[in-house]
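A single chain comes next, written as structure tokens; it is the form predicted alone.
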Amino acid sequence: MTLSEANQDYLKAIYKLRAHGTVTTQALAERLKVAPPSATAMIKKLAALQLVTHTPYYGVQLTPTGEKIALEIIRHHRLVETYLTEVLGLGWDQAHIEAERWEHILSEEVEARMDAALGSPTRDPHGAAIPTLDGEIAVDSWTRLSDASGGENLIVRRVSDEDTELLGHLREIGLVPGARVAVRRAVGAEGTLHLEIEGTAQVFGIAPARFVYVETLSDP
């Protein structure tokens, strides 16, 4: 089945949005920055291809075939990001933008060579799981940094790659996978977290902290 880049983008967006609950047409439109009627029309096309279903109260859902394609696109994206950062030395934000293009055109041969050159990685530079060739993907149970309380000692496990500007900022302040973070204070009224990131004091917004996933350290 030959799909357009737009088709693939919708399948990937549906897969990612479902982690936050029911996938609505409005949510898809907002994520892909299109008008709601355009999203509705695309959903109908994908449904005709038997890649999605759309039912009242259950929203848009991927069929097994649609999910397989979505995971393949996500694998391409995360594998390319890993290659561009680890082999070519690109920054996170630039690698993400490039991967958005490459994910649609990556051939099986190039994918296999990238995977071999990287030693078959299971995580991308942001800590996100890379789907296997068989369409399997690890399910994480980490919590959001935005939910942290004062006195907690944490380690960053993953950061979202949805916002390239935020990606650059996170790397700049060292809030990256593997970084140890001590939460000194969480000030809800100010919308801030007072952190120590690898020993360096940093004030960080609670809102962007929603895109940072952490694990509690039992032995700081």
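Please read these numbers as outputs of a predicted model, since none were measured by experiment. Rigid core here is just the name for the largest C-alpha set that superposes within 1.5 Å across the two forms. The numbering used is simple: start at 1 and walk along the sequence shown.
The same protein has a further form, the form predicted in complex with the DNA, not shown here; the description that follows concerns it.
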Counting only non-hydrogen atoms, which stretch in 148 to 156, 36 to 44, 173 to 181, 61 to 69 is within 4.5 Å of the DNA in the predicted complex? 36 to 44
Find out whether any non-hydrogen atom of residue 50 is located within 4.5 angstroms of the DNA in the predicted complex, and reply yes or no. no
Classify residue 217 as contacting or not contacting the DNA in the predicted complex by the rule of any non-hydrogen atom within 4.5 angstroms, answering yes or no. no
Is it the case that residue 202, even though its partner is missing from this view, gets within 4.5 Å of the DNA in the predicted complex, heavy atoms only? no
Please check if residue 31 has a heavy atom lying within 4.5 Å of any heavy atom of the DNA in the predicted complex. no
Suppose contact means any heavy atom within 4.5 Å; which members of 3 to 18 contact the DNA in the predicted complex? 4, 6, 7, 10
Relative to the superposed rigid core, does the CA atom of residue 22 travel 2 Å or more between the shown form and the other one? yes
Pair residue 58/residue 137, Cα separation in the predicted complex versus the displayed form, closer or farther by 3 angstroms or more: farther
